[in-house]
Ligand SMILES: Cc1cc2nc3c(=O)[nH]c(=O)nc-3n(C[C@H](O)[C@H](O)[C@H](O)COP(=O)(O)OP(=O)(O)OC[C@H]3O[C@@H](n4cnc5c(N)ncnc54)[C@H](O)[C@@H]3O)c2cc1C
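Presented below, as structure tokens, is a lone chain in the form predicted on its own.
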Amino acid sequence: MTARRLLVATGLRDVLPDVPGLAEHWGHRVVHCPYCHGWEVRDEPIGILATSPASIHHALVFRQLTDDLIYFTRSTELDPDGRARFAARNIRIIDTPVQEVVNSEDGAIAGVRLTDGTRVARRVLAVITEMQARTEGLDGLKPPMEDLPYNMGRRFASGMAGTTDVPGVWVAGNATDLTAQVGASAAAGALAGSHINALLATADTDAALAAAEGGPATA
């Protein structure tokens, strides 16, 4: 299969923290986005598994959805100001490391077990994942990549309308905008597509003109 231009829309992979029992509940009772999943888990006992400083804001947003929120620091830093803000919002803080996720008899989340043996009841766990753009099959192109702050992930670097530094290659959606939801991703794809088509229309016209004048055609 050949193409004159390429639009990469491979999406991303969510990498979860290495907590036993967490991955099996991903997409059900382990959630990451309050705007994607918040309505479905509102008013539930929610636990935030911290992964980076960004988890602090994550907790404050999920606090809008429930009065019963616990923040598990998991060895991440939480300074006095952050602790004071959590206290003002009645967010409980647990510094003891999380050992594993505990299931209920019906297979749902019952809570987490800490390294000291304490079991903390929770029905939902929220975590900021490490988001990695899918690069499978694209190694030969060597598209430029860039890291997000706080070790939140890695994406394709892109410019206006999804252009990249690789001639003839565009990128759109979660592969370059890791936080884009469906609407934004679709819009980015449409913008990149129109940009590609405009350039192809110009190239086709240039080729036709060159052919009419007896010169070399280009694509």
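Sequential numbering from 1, following the sequence displayed. Fair warning: this is a prediction, and the values are worked out from it, not measured in the lab.
What follows is about the form predicted together with this ligand, which we do not show.
Heavy atoms of every residue among His37, Asn174 and Ser185 are located within 4.5 Å of this ligand in the predicted bound form. Only one of Gln64, Asn151, Gln181, Ser194 lies close to this ligand in the predicted bound form, with a heavy atom inside 4.5 Å, and it is Gln181. Proximity to this ligand in the predicted bound form, taken as a non-hydrogen atom within 4.5 angstroms, holds for one residue of Glu77, Asp116, Asp95, Glu136, which is Glu136.
Only one of 79-87, 95-103, 142-150, 128-136 places residue heavy atoms within 4.5 angstroms of this ligand in the predicted bound form, namely 128-136. When contacts are judged by a 4.5 Å heavy atom cut-off, Ala9 counts as touching this ligand in the predicted bound form. At least one heavy atom of Asp14 is located within 4.5 Å of this ligand in the predicted bound form. At the 4.5 Å threshold, heavy atoms of Gly159 stay clear of this ligand in the predicted bound form, well away from it. Remark: Arg42 does not count among the residues lining this ligand in the predicted bound form, judged by a heavy atom distance of 4.5 Å or less. Using a 4.5 Å cut-off on any heavy atom, the residues of 20-55 that reach this ligand in the predicted bound form are, in sequence order, Trp26, Gly27, His32, Cys36, His37.
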